[in-house]
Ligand SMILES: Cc1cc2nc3c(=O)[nH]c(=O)nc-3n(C[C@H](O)[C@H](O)[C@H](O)COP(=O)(O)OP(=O)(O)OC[C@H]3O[C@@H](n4cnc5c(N)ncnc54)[C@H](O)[C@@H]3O)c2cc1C
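A lone chain, given as C-alpha cells: the form predicted on its own.
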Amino acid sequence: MDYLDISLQLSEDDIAIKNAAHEFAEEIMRPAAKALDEMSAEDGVAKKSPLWPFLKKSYELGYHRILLPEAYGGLSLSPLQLNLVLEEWGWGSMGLGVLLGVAAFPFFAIALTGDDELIEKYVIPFCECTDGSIRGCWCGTEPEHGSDILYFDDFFKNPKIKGNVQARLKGDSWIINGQKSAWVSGGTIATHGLTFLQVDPSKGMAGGGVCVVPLDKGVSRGKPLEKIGQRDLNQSEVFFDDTKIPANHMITEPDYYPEMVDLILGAANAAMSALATGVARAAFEEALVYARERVQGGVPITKHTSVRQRLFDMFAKVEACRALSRAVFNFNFNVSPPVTEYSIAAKTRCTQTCFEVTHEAIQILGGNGLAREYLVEKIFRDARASLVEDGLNEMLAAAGGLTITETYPRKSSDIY
C-alpha cells in the first residue's frame, strides 16, 4: 500500500531514502521476520537460520551505518531521514529493526567520544563491514536492575544498591565481573557490547560507567530467550568473568555517567517511537485491506458505520504517532544534550498507541486476527513487547515526570 505522507517538506532525497527503506522492509525484512517468528529461539541463531542472509543483505545495503557520521563511513542521515528509515523498519519488523539499531550502538557511542584510537580500531572497521560479521549490542538490563538503571530518583545514589555487573581498575586495564539479564538485544550473536556497569559502588547506581567490550574473551552467553513477541530479535544473558579491557575502553565514568545515560536513552527512546509508528501503520493497513474484502451482512464490513469509525480512529492514531515521533527526532537530534523527557514522551505514547492500534486490528479481523496465518497476530505480539522494551513505560513516565516536576516550565533559552 502506498501510504500518503502529509509532510510537504520531504526532498527528493528524503523520498528516495524512504522508498528504498520500504522496499527493503517489504522484500527482505518481512520474509525473514516471518520465518524467524515461527522458529525456536535457538534455531533462529543457528548456522542455517534466515537471520544470517538477512544481516548480510542489511550490511551490504549499508543499513548498519545509519547512526554513524559520514566522516567515519556512516550514512550521515538527517534526523528526518533517520526517522523515515526507522518507521519503514518498524513496518517491516520491529524486532529486526531493533536488532539493526543495537548492532550500531557501541560504535555510535565511540563516535560520540571523538577518541581517534578507538574510532580507528572499532568504528571504521564496523562501517567497512559488509557481511554482518561485526555486530554490537547494548548490555544494560540486569537480573536485579531494569528500568531503575534509567531512573534518577533518590535511590539512584543509594550506596546499598549494588549493580550486578561491576568493574575495577587494575593497572591500565578494567576487570569486569557479573551478569546481564536475558533481555540483551542481539546478545546471543554480538561481537561487541556497549556495557553499562558499576565502577564506584559507594555512589550507588550513580557510580556507573559505560564501556565498550569485545565479547570474545572472558564472556559467555545464555541460551536465546523464548518470548511472546519480537521473536525475530534474539536476546540472551551475557556473563562477564574477569573480562579485561584496556583503560581507554571505559568511555564514561561516574562524573559523566548520568549525562551519558540521558544521551543514550534520548536516542534509543526516540528510535522506539519511530519503529512503533511503523508497526501501528502496518496494523492499520492490514485491517483496512481485510475490511474491504470481508463480507458480513451481504456487504464488505467497510460499509458498516462502526467499522469505518474504528478504522478512522486507527488512522488518526498512526498520524499522531508519526507527528510526535518526527518532532522529537527533529529536536533531540539537533540539540546537545537531548531533552530526554521528550524522547520518553514519544516512546511511551507511540508504543502505547501502537498497542491500541494493533489490538483494534485483531478485533476487526475477528477470529482470523488470532490466527498465525494473518500478519496482525505477529504484529500484536510485537507491539506488546514494546511496552516493556527500552524501559518499562510506567518507569519511563515516572522518570520523565520527575524531571518535569523539578525543572518545568523550561525556557527555550535553557536549551539553545
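So that there is no doubt, residue numbering starts at 1 and follows the sequence shown. Predicted model only: the values in this text are computed from it and were never measured.
What follows is about the form predicted together with this ligand, which we do not show.
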Please pick, from Gly97, Gly140, Gly193, Gly278, the one residue with any non-hydrogen atom lying within 4.5 angstroms of this ligand in the predicted bound form. Gly140
Sole residue of Ala20, Leu402, Leu392, Leu10 within 4.5 Å of this ligand in the predicted bound form, by heavy atom: Leu392
May I ask whether Gly146, Ser185 and Val388 each come within 4.5 Å of this ligand in the predicted bound form, counting any non-hydrogen atom? yes
Do Gln235 and this ligand share at least one heavy atom pair within 4.5 Å in the predicted bound form? yes
Taking the shortest heavy atom distance, is Ser325 within 4.5 Å of this ligand in the predicted bound form? no
Should Tyr256 be counted as a contact of this ligand in the predicted bound form, where contact means heavy atoms within 4.5 Å? no
Can you tell me whether Phe155 touches this ligand? I mean in the predicted bound form, with a 4.5 angstroms heavy atom cut-off. yes
Since the chain is shown here on its own, which stretch among 225-233, 69-77, 295-303, 83-91 would lie within 4.5 Å of this ligand in the predicted bound form, judged by heavy atoms? 225-233
Within 4.5 Å of this ligand in the predicted bound form, counting any non-hydrogen atom, which residues from 102-133 show up? Val102
